[in-house]
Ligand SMILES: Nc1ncnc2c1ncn2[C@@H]1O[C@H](COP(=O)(O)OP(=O)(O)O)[C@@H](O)[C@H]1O
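Form predicted alone, single chain, as structure tokens, below.
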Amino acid sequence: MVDASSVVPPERVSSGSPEFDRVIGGGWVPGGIFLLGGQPGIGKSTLLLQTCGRMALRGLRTLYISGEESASQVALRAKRLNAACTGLDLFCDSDLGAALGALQGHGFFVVDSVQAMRSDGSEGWAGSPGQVRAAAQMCIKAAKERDIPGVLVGHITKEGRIAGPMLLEHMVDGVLTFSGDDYSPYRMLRVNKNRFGSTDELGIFEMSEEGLAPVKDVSGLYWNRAEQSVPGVAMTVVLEGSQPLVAEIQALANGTAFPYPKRTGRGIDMNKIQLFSAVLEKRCSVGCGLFDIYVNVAGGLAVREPAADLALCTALASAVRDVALPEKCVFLGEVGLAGEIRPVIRLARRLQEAARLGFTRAVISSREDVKAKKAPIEIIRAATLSEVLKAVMR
């Protein structure tokens, strides 16, 4: 038995990338194992090979274990990414026992991928549930015995989950998801499980010929900075973990001759569109029932938090009435069925980001903390949705 108060937390190991460190909670924890999943070709190997190279340049010897590619193939990619350096060692074979036996003297390792490795202590072919479980157990044991961090790469099934037994995700200390669209150079790194930190963080990287680089101004990805306001467009600031993002919510209302108007949404919950269309019609006399309504969040961003409710409602009302909203204005508030505007979390952080990007006004709940009076931009307070529409749609 050990007294918890007497245990000194281990010092984290930097990945060499401030963006990567922020997502995983401040760096790798010695003895901890993370599982990284993603679609084929999305850049998982590129991300981890660059990470190994950066850590090696900082003086930490790293081992990249590949069960799918030859040493010449991995070395060729490492040179293209400028990751090849003294201290980055390669082991290219599917024999996991031999690979982990070469860990002596290393401070970090990557297994690419766990489905390609074979454990002599388990029956079945590589990638079978028994082999995947045995391989993960061997890696976890090796990491804890040597007190070094490691990452396992996992393939994704057609259903979007990591291939192998569900037990695999429970065995590791953290699960990372690397995703992106084929038509976009941007990749998103999310944490689905983290025993050592938050699961709310989001990291965004840009893929180029030189590899992956963190995006400096993330808000710029989801905002087109239009010079003139257009009816149906409202701005808000959402939080992805500690990262504030300016989101542009677009709504289009088109008159319909059918008794059941159409509702379509991309990047926002369809139920919210229907719900707030009813709130606008009942509480604010905005006749949404006469229009087909289409809603889109620019840039492919998915908005889930309630802080964007007010922006969605004002975008809908603006589209239905065909009246543009004020320029350089953000809307921050949760909207209830009674039409009331409720406060949002971390308002000061959102206002700071809005001011940094050039916004001059913010519409918030009248119930917000008085500290908002010291905000860097003009504040418009409102208790109900009808008050907001009267203030911004004259």
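Keep in mind it's a predicted model, so treat the numbers as computed, not measured. Numbers follow the displayed sequence, beginning with 1.
The form predicted together with this ligand exists for this protein as well; it is not shown, and the discussion that follows is about that form.
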This ligand contact at residue 46 in the predicted complex, heavy atom, 4.5 Å: yes
Residue 357: touches this ligand in the predicted complex, heavy atom cutoff 4.5 angstroms: no
Partner contact for residue 285 in the predicted complex: this ligand, 4.5 angstroms, heavy atom: no
Partner contact for residue 41 in the predicted complex: this ligand, 4.5 angstroms, heavy atom: yes
Residue stretch of 238 to 246, 142 to 150, 204 to 212, 277 to 285 approaching this ligand in the predicted complex, non-hydrogen atom distance within 4.5 Å: 204 to 212
Position in contact with this ligand when the complex is considered in the predicted complex, options 161, 195, 77, 190, heavy atoms within 4.5 Å: 77
Contacts with this ligand in the predicted complex - residues in 347 to 368 whose heavy atoms fall within 4.5 Å: none
